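This document opens with one chain alone, in structure tokens, the form predicted on its own.
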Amino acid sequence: MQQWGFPVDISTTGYRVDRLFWLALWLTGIAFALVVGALTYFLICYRARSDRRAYYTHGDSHGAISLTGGLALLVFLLIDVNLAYHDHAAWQAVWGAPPSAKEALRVEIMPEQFAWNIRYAGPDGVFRTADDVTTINQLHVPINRPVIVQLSSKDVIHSFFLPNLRIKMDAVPGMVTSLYFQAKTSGTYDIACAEHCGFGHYRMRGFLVVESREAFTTWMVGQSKARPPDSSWGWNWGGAA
């Protein structure tokens, strides 16, 4: 399912990213049409004629300089300033206000060539203990609840990309990065790696499952009983909490 060629937006803030894209497209599209129109007019109006002799101008007259400066200022105000203003507003909405740690679900993800290793804190609410829940390529989250994802790579740089949430973050060896989101529509969606990470990059596909809080709790209980956490992943988060 797509929206105007984009993957369907299931995020509470994704519409801001889409609006920014369309704003940039319309502003630059209008500017492009005006430039091409002016170029076409000049090509026709000042084409070679037998009854008119061409002459050269440096374009340094007062009128020419005023016109050039006015057009540059107009482009700067209507396009650059406009985009910068809306970009700042979108950035503040997506990244400016992290959710409360008490309210949010926290997940640790450590990608490797070529899989997404995912870990949840178990019933004790503490990571890296015996009751942790671990999965591979399957990220389950409850609907309408903030989620904080902490990332660190086991080998090379990967890029954790959720197209339906309009959000992306690099996973870098030796450091911890984070992102947060809130999904508003249940369903199963793609997790992609947006960084070429080796010959098997094409296989690095995961799935985001957005479900009700009851279904998520049931899934967590089932995963806890299914198997113990796999310590062979070599999670090395340094001093990260």
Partner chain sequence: MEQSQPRSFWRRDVFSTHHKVIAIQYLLTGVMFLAVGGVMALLIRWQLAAPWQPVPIIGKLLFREAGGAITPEAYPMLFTMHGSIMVFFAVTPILLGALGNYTIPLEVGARDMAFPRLNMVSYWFLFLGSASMLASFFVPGGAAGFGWTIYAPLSASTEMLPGWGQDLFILGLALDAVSILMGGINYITTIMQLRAPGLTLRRLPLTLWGLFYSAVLNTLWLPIVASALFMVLCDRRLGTAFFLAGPLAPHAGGQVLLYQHLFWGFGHPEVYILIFPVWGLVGDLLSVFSRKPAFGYKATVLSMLTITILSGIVWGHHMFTSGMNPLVGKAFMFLTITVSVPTAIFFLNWLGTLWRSAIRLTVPMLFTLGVVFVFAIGGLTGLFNALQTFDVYIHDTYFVVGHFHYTLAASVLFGTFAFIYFWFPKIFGRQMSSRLGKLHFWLSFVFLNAVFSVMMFVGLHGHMRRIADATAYEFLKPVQHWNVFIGWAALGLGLSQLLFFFNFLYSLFRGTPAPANPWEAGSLAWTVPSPPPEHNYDAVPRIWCGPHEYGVPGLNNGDWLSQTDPRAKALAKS
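Definition used throughout: the rigid core is the maximal C-alpha set that superposes within 1.5 Å between two forms. From a predicted model like this one, the values you see are computed outputs, not experimental measurements. Positions refer to the first chain, counted from 1.
Same protein, other form: the form predicted in complex with the partner chain, not shown, and the subject of what follows.
Enquirer: Decide whether residue 109 counts as a contact residue for the partner chain in the model of the complex under a heavy atom distance cut-off of 4.5 Å.
Expert: Flag for residue 109 set to no.
Enquirer: Test of understanding: in the model of the complex, would residue 221 fall inside 4.5 Å of the partner chain by heavy atoms?
Expert: Taking the distances in the model of the complex, the answer for residue 221 is no, it never comes within 4.5 Å of the partner chain.
Enquirer: Is residue 187 close to the partner chain in the model of the complex, meaning a heavy atom pair under 4.5 Å apart or at it?
Expert: Result no; residue 187 lies far from the partner chain in the model of the complex.
Enquirer: Just to confirm, residue 118 within 4.5 Å of the partner chain in the model of the complex by heavy atoms?
Expert: No - in the model of the complex, heavy atoms of residue 118 and the partner chain never come within 4.5 Å of each other.
Enquirer: Since the chain is shown here on its own, which stretch among 100 to 108, 136 to 144, 120 to 128, 154 to 162 would lie within 4.5 Å of the partner chain in the model of the complex, judged by heavy atoms?
Expert: Result for this chain: 154 to 162.
Enquirer: Decide yes or no: are 20, 28 and 76 jointly within 4.5 Å of the partner chain in the model of the complex, with each residue judged by its heavy atoms?
Expert: Every residue of the spot touches the partner chain in the model of the complex.
Enquirer: Let me know which residues along 30 to 62 have a heavy atom within 4.5 Å of the partner chain in the model of the complex, or say none if there are none.
Expert: Heavy-atom contacts to the partner chain in the model of the complex: 31, 32, 35, 36, 38, 39, 42, 43, 46, 47, 48, 52, 53, 54, 55, 56, 57, 58, 59.
Enquirer: Inspect the rigid-core superposition and answer whether the C-alpha of residue 46 shifts by 2 angstroms or more between this form and the one not shown.
Expert: After core superposition, the C-alpha of residue 46 moves 2 Å or more between this form and the one not shown.
Enquirer: After superposing the rigid core, is the C-alpha displacement of residue 199 2 Å or more between this form and the one not shown?
Expert: Result for residue 199: no, shift under 2 Å.
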